[in-house]
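Okay, here we've got a single chain as structure tokens, the form predicted alone, with questions on binding and movement later.
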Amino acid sequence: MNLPPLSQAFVLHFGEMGSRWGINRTVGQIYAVLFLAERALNADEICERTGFSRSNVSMGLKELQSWNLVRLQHRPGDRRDYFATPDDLWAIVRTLVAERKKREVDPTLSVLRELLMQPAATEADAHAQARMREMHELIELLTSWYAEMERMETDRLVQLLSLGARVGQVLEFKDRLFGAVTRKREPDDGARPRPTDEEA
């Protein structure tokens, strides 16, 4: 690799992590090189920095384009294609999450819906459908949450994520507050009834 030591360490690590996320190691390293680059790079420059063959770089770039993780650029008077990652890191994260949802979550939801619509022929099938329904409901809940996050402006999303544990504290406070209001409205079992006008 024709990279400074710091950059090389990051690129190698990113390739290892990419293989654990389901991305080819070579593709992960190409993406890391583009992410760190000070400008858009063409395929020859990527080959020079990574030491990969031109065919490996071409296949890696096609894979990254299919994931919508790189942007194609052109320069006046230059017929070569140049590639860059979005400047906004949140745009990268949003794209990666959206692509993984489309490739992994949506097909699972479709299969679960089809299986839940079929009549259960045996008790074993009925039990299996009950478990599938639980999974379907959980995935639907997470999908709805994701849709809300996807519509949220990046600044607002950062604020929400920055709250961290404080979100739990707010929910606990809400539970205590509304629990106290409910208890206040309910009459105490040991409370004496109000005296009537005659008794007074």
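Numbers for residues come from their place in the sequence shown, where the first is 1. All values derive from a computational prediction rather than experimental measurement.
The following text describes the form predicted in complex with the DNA, which does not appear among the structures shown.
**Q** Within 4.5 Å of the DNA in the model of the complex, heavy atoms considered, which of Ile139, Ala37, Met132, Met59?
**A** Exactly one residue meets the criterion: Met59.
**Q** By the heavy atom within 4.5 Å rule, which residue out of Arg151, Arg166, Arg54, Arg156 makes contact with the DNA in the model of the complex?
**A** Only one listed residue qualifies here, and that residue is Arg54.
**Q** In terms of non-hydrogen atoms within 4.5 angstroms, which of the given stretches 108-116, 124-132, 74-82, 90-98 touches the DNA in the model of the complex?
**A** Partner-contacting stretch among the options: 74-82.
**Q** Given that the partner is absent here, does Thr26 sit within 4.5 Å of the DNA in the model of the complex, heavy atoms only?
**A** Contact check for Thr26: yes, within 4.5 Å of the DNA in the model of the complex.
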